[in-house]
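Coming up is one lone chain in structure tokens, specifically the form predicted on its own.
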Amino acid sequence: MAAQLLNGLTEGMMLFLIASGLTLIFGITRIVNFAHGSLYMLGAFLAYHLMPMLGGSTVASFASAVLLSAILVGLLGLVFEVLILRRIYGADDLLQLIITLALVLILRDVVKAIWGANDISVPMPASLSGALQIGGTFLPLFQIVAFAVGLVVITLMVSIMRFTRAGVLLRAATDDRGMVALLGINQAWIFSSVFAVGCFLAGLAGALAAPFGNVNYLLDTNIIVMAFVVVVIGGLGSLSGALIAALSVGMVKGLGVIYFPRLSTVLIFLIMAAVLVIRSLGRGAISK
């Protein structure tokens, strides 16, 4: 029970990292980035490629590979935003959707061309492959470390959003972009920075979660579906909602394997459907 609960919390934390980037980008730019799952996948493949170059399956090489992969994915997102997305912020939503879907197809073909279509496995650092004994329970050490990294990222995000000038500008741009423009603040800089940070978080989640299972060029489809489930439950544009929803989804999956093995995934979509129905009823009551 404890091990499954930890697995669920760890998966929920990885979902939060990718969903937080997705909801940050939407909150500022009003663009739903369908390529976010592809950036997650790219982070996993980059970690696989960089680990041997940085010293093999040691903690230092894995940490360096994860951080470098996230930075490279963030830089790629910055280039994509500056060269392409910046030109279509005022365009129709359908055009924005087509552009981000095009990036999905491009990244998928690039990954297939470089790493092939077969599954690959990212080695777990040898010193983190054991278990931590608490009483009579053995908990996987790597999951504990991954969850702790997620907590550190959350703490940094909250601190930046609440106690720095950059966080004030981000919250202002989310609430009223017109007022931010009237104050003479460079919105292009804000949009680019947020998009790069969101892509960085997607790459970080992909690289950090890579040792949990096999990595292939279809990984983007699976993860983007779960990311959208999280942002729908938590509310698109809400970081706190994304955190609560991601941890809830992870725990439902983790504990559902024990109690409802055939319905663990279905339960998540039932929760999402219930949230959508409740919200629609609430809007209907407000409009009346």
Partner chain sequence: MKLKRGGLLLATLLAVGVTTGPVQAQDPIRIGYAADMSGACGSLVDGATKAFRLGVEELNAAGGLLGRKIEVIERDTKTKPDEGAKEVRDLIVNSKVELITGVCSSAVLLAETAVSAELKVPFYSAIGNSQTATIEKGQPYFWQTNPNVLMESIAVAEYVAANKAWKKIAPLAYDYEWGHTSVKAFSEHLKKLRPDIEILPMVPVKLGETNMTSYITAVLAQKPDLVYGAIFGGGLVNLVKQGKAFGFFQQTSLVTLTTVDFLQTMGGELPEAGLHGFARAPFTSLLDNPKVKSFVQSYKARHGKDPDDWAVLAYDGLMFYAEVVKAAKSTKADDVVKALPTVKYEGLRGSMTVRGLDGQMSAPSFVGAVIKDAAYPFSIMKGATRVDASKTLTPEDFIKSARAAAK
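Positions refer to the first chain, counted from 1. For clarity, a rigid core is taken as the largest C-alpha set superposing within 1.5 Å between two forms. Keep in mind it's a predicted model, so treat the numbers as computed, not measured.
The next section is about a form of this same protein that is not shown, the form predicted together with its partner chain.
The candidate stretches are 193 to 201, 116 to 124, 71 to 79, 146 to 154, and the one lying within 4.5 Å of its partner chain in the predicted bound form by heavy atoms is 116 to 124. Taking the partner from the other structure, its partner chain in the predicted bound form has a heavy atom within 4.5 Å of a heavy atom of V257. Within this chain, L24 is remote from the site of its partner chain in the predicted bound form, having no heavy atom within 4.5 Å. For the chain shown alone, N214 is a contact residue for its partner chain in the predicted bound form, at least one non-hydrogen atom being within 4.5 angstroms. In the predicted bound form, I223 approaches its partner chain with a heavy atom inside 4.5 Å. Within 4.5 angstroms of its partner chain in the predicted bound form, the stretch 73 to 92 places no non-hydrogen atom at all. Relative to the superposed core, V275 undergoes a C-alpha shift smaller than 2 Å between the shown form and the other one. After superposition on the rigid core, the Cα atom of A60 is displaced by less than 2 Å between the shown form and the other one. I258 is among the residues whose C-alpha shifts by 2 Å or more between the shown form and the other one once the rigid core is aligned.
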